[in-house]
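First, one chain by itself in C-alpha cells, the form predicted on its own.
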Amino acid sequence: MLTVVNPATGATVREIPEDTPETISAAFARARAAQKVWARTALADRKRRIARFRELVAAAKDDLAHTLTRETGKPIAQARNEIGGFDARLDFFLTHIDAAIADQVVLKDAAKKLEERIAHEPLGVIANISAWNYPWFVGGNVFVPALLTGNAVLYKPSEFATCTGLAIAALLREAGVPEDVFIPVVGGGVVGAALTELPLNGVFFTGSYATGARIATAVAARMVKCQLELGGKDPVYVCDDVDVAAAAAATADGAFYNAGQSCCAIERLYVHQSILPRFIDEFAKVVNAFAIGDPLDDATYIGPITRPAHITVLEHQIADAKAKGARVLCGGARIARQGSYFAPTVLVDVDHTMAVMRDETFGPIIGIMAVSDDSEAIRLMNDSTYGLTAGVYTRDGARARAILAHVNSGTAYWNCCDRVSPRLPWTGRGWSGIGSTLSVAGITAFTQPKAWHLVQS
C-alpha cells in the first residue's frame, strides 16, 4: 500500500494499492492490444479527445491545485500557476501535431517514376515515469504528444504526486481516451524498475541523474528508445552593468520558486566583483521577505520540502560549505515548525571545492560567488557535469549572446531564468539528460520514421 503524506503536516492524505509485477504485466498486455486500435484512430479524433481533456482540466483547476498542494506542499498559488500554464502546452501540441507527423515527399522524379517519402509511425507502448515537482508540466510534455501520435502510455506518476497522476488518468478517460491506452501505474522505485523490464517501445523518464543512468543501463541491451530528462546545476552570471535590485529580485525568484525544487532553478550565482556587495545586500532583502507558511495560504511563497528525507542532503551541503569557509547569509537550517520546512538559505564566500557548487541541490539553497570578468564566469559556468540551463543578466544583448555561446547548456537565458516555452525544445547535455521534449522535436520524439521508396512500374 502506498501512503501519500502531506509534507506540510505529516498527515496521511490517502492510501493507494501499489501495483505488482503481475498487475504491471497485465497492464502492458492490455496496452499493447489497445495501442493498435488507437494508432488507427483518425488524428482528428485523437485531437478532439485531448482538446476535451484540456477543457476538463481548466474546469477543475482549483480542485486539482488543492490535490497537488496537499501531496507535494507546493504553495497553492504556484500550483494554480502550473495547472493554468498547462493550457499553453496543450494548445501547442494540438496546433502543431498535424504538420509535425504529416508524410513528407522529399523527392518526386516524373522521368524515373520515383517518389521518396518519409512517414511517421508511433513507437508503440511507452512508459512515462514522471516527476513530482511539476507533474502537469513534465508529465504532459510526454503523455500528450505520445497519445496524439498514436502511442499507448503506461504512466507512473511519482509516488509523491500519485493523487495528481490518478486525477490526470480520470480526466483523460472522461475525455474519451480509452482506459487501456493510458494506464496509471502506482508505486515507488521498485515499480518503476519493473516497468523498465517490460518489452516496451520507449521509456521516457524525468528525475535524477542516478536513476536515469540505471534506467538507461537496464534497457540498453534491448535497444529500447530511452529519453531522459534529468537534473541541473544551473548557473547564472550577473554582469556589472545591471540594475542591481532588479537582477537580485529576479534571480532570487529563480532560485527559490517552488522552494528551489526544480531542475532549472538557479543553483549557482556568479556576480561581477564590482557589484557583489550591493547585489548580496539586495538579494538578502528579497529572500528575508519571502512568506513561509501553510502552502494552502495564497500568501505563502515558500512551502515545505516535498521529500522530508531530502533535508539531510541540504544539511550536508551547508555543513560541507561552512567547513570549507563559506558563510551563511540567510537561513541555513530546518525551520522549527510542523512539517518538513527548510529555511531559504544564501551562502557566500563559496567556491568549487564545495558540494553546494558541484552537486545538484534541488532545494532552497543558493551559493553566490564573485568573478572578475566574463572569461572567469564562462569557465566556472562550464565547470559542471550538468548542462541544462544557463543565464546571463546584462543590459548588453551582444555581450550576453557572446557569453552564452560558450556555455554548455541546452537552454540559454538572457535577463530571465527558470522559464520554459512549448515552442522551444527542452533538452539537456551531460548529466542533464538525453533527448528533447516540447517544440516540434518533442512531438516527433514519439514517432519512428519510415522511409518509402516508391517506383511506378
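When you see a residue number, it is the position in the sequence shown, counting from 1. Because the structure is predicted, anything quoted here is derived from the model rather than measured.
The form predicted in complex with nicotinamide-adenine-dinucleotide is left out here; the points below concern that form.
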Hey, in the predicted bound form, is Ser130 touching nicotinamide-adenine-dinucleotide, heavy atoms inside 4.5 Å?
yes
Close approach of Ile403 to nicotinamide-adenine-dinucleotide in the predicted bound form, 4.5 Å, heavy atom:
no
Does Phe279 reach nicotinamide-adenine-dinucleotide in the predicted bound form if we count a contact as any heavy atom within 4.5 Å?
no
Any non-hydrogen atom of Ile292 within 4.5 angstroms of nicotinamide-adenine-dinucleotide in the predicted bound form
no
Where does nicotinamide-adenine-dinucleotide sit in the predicted bound form: which of 90-98, 240-248, 213-221, 104-112, heavy atoms within 4.5 Å?
213-221
Listed residue (Ile168, Met369, Ile183, Val138) with a non-hydrogen atom within 4.5 angstroms of nicotinamide-adenine-dinucleotide in the predicted bound form:
Val138
Looking at Phe283, Phe342, Phe143, Phe205, which has any heavy atom no more than 4.5 Å from nicotinamide-adenine-dinucleotide in the predicted bound form?
Phe205
May I ask whether Asn6, His66 and Ile83 each come within 4.5 Å of nicotinamide-adenine-dinucleotide in the predicted bound form, counting any non-hydrogen atom?
no
Listed by sequence position, which residues of 144-158 have a non-hydrogen atom within 4.5 angstroms of nicotinamide-adenine-dinucleotide in the predicted bound form?
Lys156, Pro157, Ser158
